[in-house]
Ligand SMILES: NC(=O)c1ccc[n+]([C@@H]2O[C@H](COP(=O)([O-])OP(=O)(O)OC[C@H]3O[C@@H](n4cnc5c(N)ncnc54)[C@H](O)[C@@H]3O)[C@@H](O)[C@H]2O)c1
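Take a look at this one chain, the form predicted alone, written out in structure tokens.
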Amino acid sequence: MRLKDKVCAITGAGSGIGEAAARRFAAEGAHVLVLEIDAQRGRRVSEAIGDAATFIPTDVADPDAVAETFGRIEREFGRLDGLYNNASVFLGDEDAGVGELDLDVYHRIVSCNQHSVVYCCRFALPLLQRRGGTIVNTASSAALIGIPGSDAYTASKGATLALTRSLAVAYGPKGVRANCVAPAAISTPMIRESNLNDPSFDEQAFLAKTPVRRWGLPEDVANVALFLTSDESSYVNGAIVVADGGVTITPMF
């Protein structure tokens, strides 16, 4: 029960890593706030967890919607102990290099992946500072290595990584730790968008060069987020935890 009696908000908790984290956090004693734009997915996850979860429909790319969500959290719970900014999009068919990138696509990706982190932190921090709390942000291997043809996604994740470090320095003295998890090669619907739908991608060759020789599971990343949210990581602040099976340190070509 590593999160016993804690109230934790998870964005994009309706599927993939977010869903795995919601279930894991609840199993460890937290009351999980399922922040999800897709009402059907959000309700499904919340109902599966039961009394330990509350679904709050939220478009994290809309600052007014985010403000309303955290206002509701304050009214109904009076506090917040953990924020996991997990929501992300990867638009593989639309993202591109800067020279070819449609700016509308750029703004859509950055709004979801990076602006949402700013919005959620902005409105969660007053609650997190009341009793001390944690922020876990989601970056990606794209924040650490070059990913050709995905400049909007790469920019959004690099900004998230840098923001995490600034948050850690600014709010650590105020009782709020901020850390970042950087996943890669995780078996979620996004992996199909980013790799498997690409006819030039050779899955077997990729896995043969991956040190652990398998795709990661959503639970693998959820366990990292759990640790960073729990008191077990009380001296971890500003860290970038890479959860990728060693992909980003392995020559792939």
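The model shown is predicted, which means the values in this text are computed figures rather than measured ones. Throughout, we count residues from 1 along the sequence that is shown.
One more form of this protein should be noted, the form predicted together with the ligand, which is absent from this view; the next part is about it.
J.: So, a 4.5 angstroms cut-off on heavy atom distances: do all three of Arg72, Glu76 and Thr134 pass it with respect to the ligand in the predicted complex?
T.: No: no residue has a heavy atom within 4.5 Å of the partner.
J.: Select from the listed residues Glu68, Glu47, Glu219, Asp38 the one whose heavy atoms reach within 4.5 Å of the ligand in the predicted complex.
T.: It is Asp38.
J.: I'd like to know if Tyr119 sits close to the ligand in the predicted complex, meaning any non-hydrogen atom pair within 4.5 angstroms.
T.: Outside the cut-off, so no.
J.: Residue-level question: is Ala61 within 4.5 Å of the ligand in the predicted complex, judged on heavy atoms?
T.: Ala61: yes, in contact with the ligand in the predicted complex.
J.: Going by a heavy atom distance of 4.5 Å, is Arg177 a contact of the ligand in the predicted complex?
T.: Arg177: no, not in contact with the ligand in the predicted complex.
J.: When the contact criterion is heavy atoms within 4.5 Å, does Thr188 count as touching the ligand in the predicted complex?
T.: Looking in the predicted complex, residue contacts with the ligand include Thr188, since a heavy atom lies within 4.5 Å.
J.: Pick from 161 to 169, 95 to 103, 139 to 147, 124 to 132: which stretch has non-hydrogen atoms within 4.5 Å of the ligand in the predicted complex?
T.: Selected range: 139 to 147.
J.: Within 4.5 Å of the ligand in the predicted complex, which residues of 86 to 106 have a heavy atom? Give them in sequence order, or say none.
T.: Residues within 4.5 Å: Asn86, Ala87, Ser88, Val89.
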